[in-house]
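So this first bit is one chain, no partners, the form predicted alone, shown in structure tokens.
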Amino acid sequence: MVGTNVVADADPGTGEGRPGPEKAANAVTLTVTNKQQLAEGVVSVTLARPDGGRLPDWTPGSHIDLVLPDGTVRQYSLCGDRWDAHTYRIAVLREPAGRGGSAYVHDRLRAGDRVGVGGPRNHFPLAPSESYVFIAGGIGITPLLPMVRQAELLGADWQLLYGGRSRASMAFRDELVAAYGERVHVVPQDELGLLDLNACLGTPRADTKVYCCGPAPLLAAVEDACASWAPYALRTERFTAGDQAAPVRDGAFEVELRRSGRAVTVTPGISVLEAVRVAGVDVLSSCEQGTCGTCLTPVLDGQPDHRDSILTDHQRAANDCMFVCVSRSCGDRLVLDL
């Protein structure tokens, strides 16, 4: 069994972010203190409180909601120094086929601009292990960068396989090689082809955990290579939703919004998120594919039909939360803490 978590760093999804910074759950207003070109198509953005105060702590694998000045909401992995209590750093890949979030960051966001920031949240935590294999594809290096630093700090045995289209497109490449030397294997596809996964993963190791983030073909290849590994040895983070089975229930169901004192009927073809919004209850969302984690909602009663690409089997079995952008109901009724 493969453990899968998803955070969509690279302008994923099909729906535009709606709420502005003041509507983001637990959002704070931060200032862009620095913007830097890291590689072809990749910029870094450093954020801090306007008063220079302390920011919430975070752990390797965490991401934030970035609420841009035009109201667009996107998620990006934190890839700076987690011991720096006063700044956050993210890296943003320009997505020509995206919905405009990455283009805004690249073309319009400037030092001194104010943005809303929600989180941090971590759906991709680094579990304790004696040994790690980190595998990154392109901008998938961002959540793995703090993991590498943490593994080194703890004295774990680790190696990083980092693939990309070309050397020029691979952010943090020089920084990683300079800091860690031969533990970092940089594989530009235009020079060396694809990552040799069989050489690294062909023999299962009981004391090793594998962390991978990148495009879907890389994740599929890594999952195949780890098929004979122990359950949950592999943890992945996706940019887009994985394949889903057909819904458990074809018909309509009722959703009670306990805090709002309202009830809505969710009909086929309409998401819980859409039905809730029609009822006048605003829920922050971004990807609307069940990949980013923004619309996580507590479930008070009923059994959700989980259709996200984030929760583990254990978390799904608890039935105490759901992602309302894609998940539905197994029964006639759900009660949500909204």
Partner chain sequence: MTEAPVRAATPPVSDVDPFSDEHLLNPEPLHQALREAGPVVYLSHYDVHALARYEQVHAALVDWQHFESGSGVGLANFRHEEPWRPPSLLLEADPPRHDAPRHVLRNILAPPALRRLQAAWSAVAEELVDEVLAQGPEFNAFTALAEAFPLRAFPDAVGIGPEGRENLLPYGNMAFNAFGPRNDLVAADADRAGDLSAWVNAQCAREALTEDGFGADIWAAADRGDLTYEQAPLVVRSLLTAGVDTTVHALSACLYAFATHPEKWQRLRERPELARVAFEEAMRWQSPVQTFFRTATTDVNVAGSVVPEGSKILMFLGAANRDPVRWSEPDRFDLTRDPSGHVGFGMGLHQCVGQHVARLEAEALLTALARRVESFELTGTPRRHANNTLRAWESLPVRVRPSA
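Residue numbers count along the first chain shown, from 1. All values reported here derive from a predicted model rather than from experimental measurement. Superpose the two forms; the largest set of C-alphas matching within 1.5 Å is the rigid core.
Missing here is the form predicted in complex with its partner chain; even so, the following discussion is about that form.
- This chain is drawn without its partner chain; in the predicted complex, the residue among 303, 59, 36, 31 with a heavy atom within 4.5 Å of it is 59.
- None of 72, 159, 122, 208 but one reaches within 4.5 angstroms of its partner chain in the predicted complex through a heavy atom, and that residue is 122.
- Of the candidate stretches 165 to 173, 82 to 90, 137 to 145, 193 to 201, only 82 to 90 contains residues with a heavy atom within 4.5 Å of its partner chain in the predicted complex.
- Three-residue candidate spot 154, 299 and 320; every residue lies within 4.5 angstroms of its partner chain in the predicted complex by at least one non-hydrogen atom.
- Residue contact check for residue 131: none of its heavy atoms lie within 4.5 Å of its partner chain in the predicted complex.
- A residue is said to contact a partner when one of its heavy atoms sits within 4.5 Å of a partner heavy atom; residue 150 meets this definition for its partner chain in the predicted complex.
- At a distance threshold of 4.5 angstroms between non-hydrogen atoms, residue 127 is in contact with its partner chain in the predicted complex.
- In the predicted complex, no heavy atom of residue 106 sits within 4.5 Å of its partner chain.
- Heavy atoms closer than or equal to 4.5 Å to its partner chain in the predicted complex belong, across 321 to 338, to one residue only: 337.
- With the core superposed, residue 270 shows a C-alpha displacement below 2 Å between the shown form and the other one.
- Core-superposed comparison between the shown form and the other one: the Cα of residue 40 travels less than 2 Å.
- After superposition on the rigid core, displacement of the C-alpha of residue 60 between the shown form and the other one stays below 2 Å.
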